[in-house]
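Shown next as structure tokens: one chain only, the form predicted alone.
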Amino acid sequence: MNLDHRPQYHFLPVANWMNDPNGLIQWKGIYHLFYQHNPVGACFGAMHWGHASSHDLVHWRHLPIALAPTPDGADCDGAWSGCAVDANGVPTLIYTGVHPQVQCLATSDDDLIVWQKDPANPVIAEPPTGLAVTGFRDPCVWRDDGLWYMILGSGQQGVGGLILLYRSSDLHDWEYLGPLLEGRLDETGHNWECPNLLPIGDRHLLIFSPEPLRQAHYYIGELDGHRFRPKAHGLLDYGGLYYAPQAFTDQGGRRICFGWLPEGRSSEAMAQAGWAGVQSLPRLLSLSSKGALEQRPIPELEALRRSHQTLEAHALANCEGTVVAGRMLEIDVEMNVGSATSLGLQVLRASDGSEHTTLLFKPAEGRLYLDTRFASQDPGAEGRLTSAPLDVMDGLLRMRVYVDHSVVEVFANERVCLTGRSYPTRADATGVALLSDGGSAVLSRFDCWTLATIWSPN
């Protein structure tokens, strides 16, 4: 395995392929993360449900595979994405079997280690009649007033994305209630994957991942009977490498979200490394006093902090060179924008600047850029330039930046996130440099910690 690029504090399996987070649940105080997994190769294949548990959402224990395809069963070609619920004390997984796409159940009676598939599978065998759907998968299930509700990701051919709503009294017999929300082909693609719906503040948050856009979208709105009325729209992450997120409510009432971070390199490089796909850091989701979505890293991540470096407040020069270095870092930086035309920082920077990943805020545009086009001299590594709209409050730009070998995950002003993948080839591509151009920007605070691996004891 290539440990130079393998993240050490983002979750991933011991080896092979991983994609969507599934079945997020806290059971008897223990957090459980299931995930789409090919256990026999670092490539997409017949999907299984991998499984891990944690006391703190940070340090994880690998567990046996929870679901595997059953020959001649409803999931014979793959156990695809879904969710977990507490069904009157019985842990229950609801997931999609494929070819054709159908919805299935599995239950456990031993604290979520061994799962028994329901003999009645599939519990939903086909899409509603009269709809030419582009997909029929990824159930999200919740309970309200004694009844179960399910939404499924779908789309109407030639029309756009679609979320289907069902209701049941027992998780087995499901009644189709109609479309929860419909999209437009020219705005949000032809098929919506991995829908999530959960209450947040005095509203509801609807998350979905539209094809072919390969982004994680959200709406904040109101649940009006059997329809969702969107009020605000955005992306959970603007970096272009964050997909199929799943959110859940833990026993403390927190809304927590994980997303899949796909690779940005060739299939040959993934096969050689022996692993592919990473889970994002767990994010806390909340609404601001004005009803805007806020995202923060969970505070439990602070347990990983080790050596600490800080810089005194000072006026920023054009490029200050390397101020700290490392490939497993948390950087908490605050800058007063002043009259600067651009400001930010570089991470994973080689001593001569030949490799670097750049975060740059341009006040005139009101956008924060993540640039990985110069992150690697490997021609098989994908570089991209992405950006997010960002309003700085009181002229202050605050970024929490997490660098974990090939992952760069950024939280800006607690409002927007950008995540990218970087694969430096140079051993000295570890530097962090401050950037400013065209004005009087001031570094008001800079704290940096090296972080420990999640696979070692506290």
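Residue positions are given as counts along the sequence shown, with the first one as 1. What you are looking at is a predicted structure, and each value in this text was computed from that prediction instead of being measured.
Not on display, but discussed next: the form predicted together with a small molecule.
Trainee: Check Q36 for me: does it contact the small molecule in the predicted bound form (non-hydrogen atoms, 4.5 angstroms)?
Mentor: Result yes; Q36 sits at the interface with the small molecule in the predicted bound form.
Trainee: If you check in the predicted bound form, is A244 within 4.5 Å of the small molecule, heavy atoms only?
Mentor: Yes.
Trainee: Using a 4.5 Å heavy atom cut-off, state whether L152 contacts the small molecule in the predicted bound form.
Mentor: Result no; L152 lies far from the small molecule in the predicted bound form.
Trainee: Check whether H217 has any heavy atom within 4.5 Å of a heavy atom of the small molecule in the predicted bound form, and answer yes or no.
Mentor: So H217 does not count as contacting the small molecule.
Trainee: Since exactly one of L261, C194, A375, L93 fits, which has a heavy atom within 4.5 Å of the small molecule in the predicted bound form?
Mentor: After the contact test, the surviving option is C194.
Trainee: Exactly one residue in T357, Q103, T188, S81 has a non-hydrogen atom within 4.5 Å of the small molecule in the predicted bound form; which is it?
Mentor: For this set of options, the contacting one is S81.
Trainee: Only one of 135 to 143, 233 to 241, 334 to 342, 175 to 183 gets a heavy atom within 4.5 Å of the small molecule in the predicted bound form; which is it?
Mentor: Careful reading of the contacts points to 135 to 143.
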